[in-house]
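Taking the form predicted on its own, here's one chain by itself in structure tokens.
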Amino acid sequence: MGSKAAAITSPVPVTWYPTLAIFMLAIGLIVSASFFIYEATSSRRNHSLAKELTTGAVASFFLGFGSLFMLLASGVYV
């Protein structure tokens, strides 16, 4: 009954958190800006739902994980 549990560790080294946060947030902001530019400059007839969904999903992915790593880098463990 005295089995030892293994400690849970992060698959990403802690020293990489700030670097990952900066790069992922930067990529997310660039993709998000390209989405807004696309929406502002294309006409109603030229909108592509697939492009909008893809761009939005990519921006969401990078901004979400960038925010997560930013929180982890600043010491807020979620």
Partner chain sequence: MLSPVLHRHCHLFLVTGRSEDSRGLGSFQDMARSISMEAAGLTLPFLILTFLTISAASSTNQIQILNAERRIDLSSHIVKVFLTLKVENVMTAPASEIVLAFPPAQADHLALVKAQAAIGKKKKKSYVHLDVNPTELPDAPNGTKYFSISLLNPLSSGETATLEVLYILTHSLEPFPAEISQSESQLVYFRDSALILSPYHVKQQTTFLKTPSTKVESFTRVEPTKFAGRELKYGPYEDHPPYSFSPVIVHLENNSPFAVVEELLREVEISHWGNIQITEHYKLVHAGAQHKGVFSRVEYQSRPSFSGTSSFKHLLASLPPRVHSVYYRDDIGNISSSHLRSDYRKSELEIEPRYPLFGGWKATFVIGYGLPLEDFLFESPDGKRYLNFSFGCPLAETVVDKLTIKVGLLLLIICFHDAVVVLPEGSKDPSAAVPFPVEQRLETKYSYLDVVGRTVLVLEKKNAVPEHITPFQVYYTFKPIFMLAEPLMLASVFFLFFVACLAYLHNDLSIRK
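This is a predicted model, so every value here is computed, not measured. Positions refer to the first chain, counted from 1.
In what follows, reference is made to the form predicted together with its partner chain, a form of this protein that is not presented.
Within 4.5 Å of its partner chain in the predicted complex, a heavy atom is found for none of Ala21, Ala26 and Ile30. By the criterion of a heavy atom within 4.5 Å, Ile37 is excluded from the residues contacting its partner chain in the predicted complex.
Remark: Trp16 does not count among the residues lining its partner chain in the predicted complex, judged by a heavy atom distance of 4.5 Å or less. For the stretch 29-62, the set of residues having any non-hydrogen atom within 4.5 angstroms of its partner chain in the predicted complex comprises Ser32, Phe35, Phe36, Glu39, Arg44, His47, Leu49, Glu52, Leu53, Gly56, Ala57, Ala59, Ser60, Phe61, in sequence order.
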